[in-house]
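Single chain ahead, by itself, as C-alpha cells, in the form predicted on its own.
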C-alpha cells in the first residue's frame, strides 16, 4: 500500500487542517464571549461535528439522502455502554466496538437499502431506523432496558477493571489511566476524534474513491451504462458514514454513560440532515458549522423563558412588553425548533448551498472574483439525488 500517497496533502488541505485544528482546540477560549465555553456544550460540538461530516460522506458525495443514521448513533451508544458494563471503563475499547458494530449494522441496512435510489432509498432507511427504535424501545428490553435506558450499575462485572483496578465507591466514570472523561478532558478527548475524522474525510474527498462517489452523484445511470458497477462504492460510503455515526454514539456514552432509544428516533436523523444542509452539502467544513450552529441555537434559545423575556424587553411600555413577550415566547424555550425552522427556510431559500455558499459570496464580493467558476462551485454544493 502506498502510504506516501495516502498522507500526501496539498498546501491548501494542510492549511485547512491546521486552521481547523487550532479553532477546535482553542474552543474554551474563543467561545467565552458567546457564553458557550462550558464542557458539556463543547463536547456536543465535537460529537455532532463527527456525526455531520460522516453523514456528508454519503449525502454530500453520492447524493443518497438517508433518514436512518440515528440508528447507527444508537447502536454505537448501546455498544459502548455494554462494553463499560462488561469489560472496562476505558473508553478506547468501547469506541472500537461501537465503530465495528455500527459498521456491520450499516453494512446490513445498506446492502438492502441501496437496491433502490432516490426517495425510495430514503424511505427504506427511515423504515429501518423506526424499526430499530421500536426494537430498542419495546422488544429488545433485556438488552436496551426499554424506555428507562441502559445505565451503569455498581453490580456490573467489568471483568478487566476488576482484575487491575480496585472497587470504587459509587458508579465509576469512564477514564484513561485515571484521567476521567468529564469536563475539559472529556472535550479534548472528543476533539481529538473530531480532528482525526476530519483528516480522514479530507483524504476521502481528495482520493480517487471520492471522485468515484462524485461521479455517482453527478450521473449514476450513465456510469452504469458504461459497465461501471457503482454499488460497491455506494455501499462502502454508506458503511463509512455509519461508522462515523457509531463513533459519535460511542462518544456520547463516554461523556455520559447512558444509552436510550430516543437517540434512534427519526427526528434525530432529521436533525443530522438539517445540520448538513444548513452548513453546506458536499463541503468539508459546512456540515460541522451547521452542527455547531444548531447545537448553539438549541442551547441559547431553549433556555429562554418568560422571565428572561420580560427582563429583556423591560424597557418597553407595559402593554407592548406583554405583547412582544407573548409573540417571542413561541420561538424560544420549548418552541425553539420554530426558530430553527425559520432559519432553515431562509437559508434554503437564499443560500441553497448553505452557510459555505454565503461565505463564498462574501469573499467573492471583497476579492472581486466571480464569474462562471464561482457559479459552478456554488451549484456543485447543491445535492442532486442519485438516479
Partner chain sequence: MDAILLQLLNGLDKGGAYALIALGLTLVFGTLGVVNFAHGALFMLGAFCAVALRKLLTLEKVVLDTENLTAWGTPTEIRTPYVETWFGEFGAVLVNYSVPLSILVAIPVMLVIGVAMERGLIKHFYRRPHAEQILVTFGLAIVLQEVIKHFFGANPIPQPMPENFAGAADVGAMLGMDPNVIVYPWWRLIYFAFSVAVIAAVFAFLQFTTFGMVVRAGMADRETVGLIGIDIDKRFTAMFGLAAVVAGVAGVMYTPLLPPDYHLGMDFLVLTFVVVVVGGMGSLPGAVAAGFLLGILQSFASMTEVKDIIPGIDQIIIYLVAVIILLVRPRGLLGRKGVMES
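Values in this document were obtained by computation on a predicted structure and should not be read as measured data. Note that the rigid core is defined as the largest set of C-alphas that superpose within 1.5 Å between two forms. Residue numbers count along the first chain shown, from 1.
Quick note: we don't show the form predicted together with the partner chain, though the next part is all about it.
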Identify, from the list 127, 206, 104, 184, the residue with a heavy atom within 4.5 Å of the partner chain in the predicted complex.
-> 127
Within 4.5 Å of the partner chain in the predicted complex, heavy atoms considered, which of 41, 31, 65, 355?
-> 65
Report whether all of 21, 58 and 360 sit within 4.5 Å of the partner chain in the predicted complex, measuring from non-hydrogen atoms.
-> no
Per contact check vs the partner chain in the predicted complex (non-hydrogen atom within 4.5 angstroms), the hit among 32-40, 340-348, 315-323, 46-54 is 340-348
4.5 Å heavy atom contact, residue 93 and the partner chain in the predicted complex | no
Although the partner chain is absent from this view, report whether residue 87 comes within 4.5 Å of it in the predicted complex, heavy atoms only.
-> no
Can any non-hydrogen atom of residue 294 be found within 4.5 angstroms of the partner chain in the predicted complex?
-> no
So, in the predicted complex, is residue 196 in contact with the partner chain at a 4.5 angstroms heavy atom limit?
-> no
Let me know which residues along 73-87 have a heavy atom within 4.5 Å of the partner chain in the predicted complex, or say none if there are none.
-> none
Is_shifted residue 330 between this form and the one not shown (CA, 2 Å cut-off, rigid core) = no
Residue 348: with the rigid core matched between this form and the one not shown, does its Cα shift 2 Å or more?
-> yes
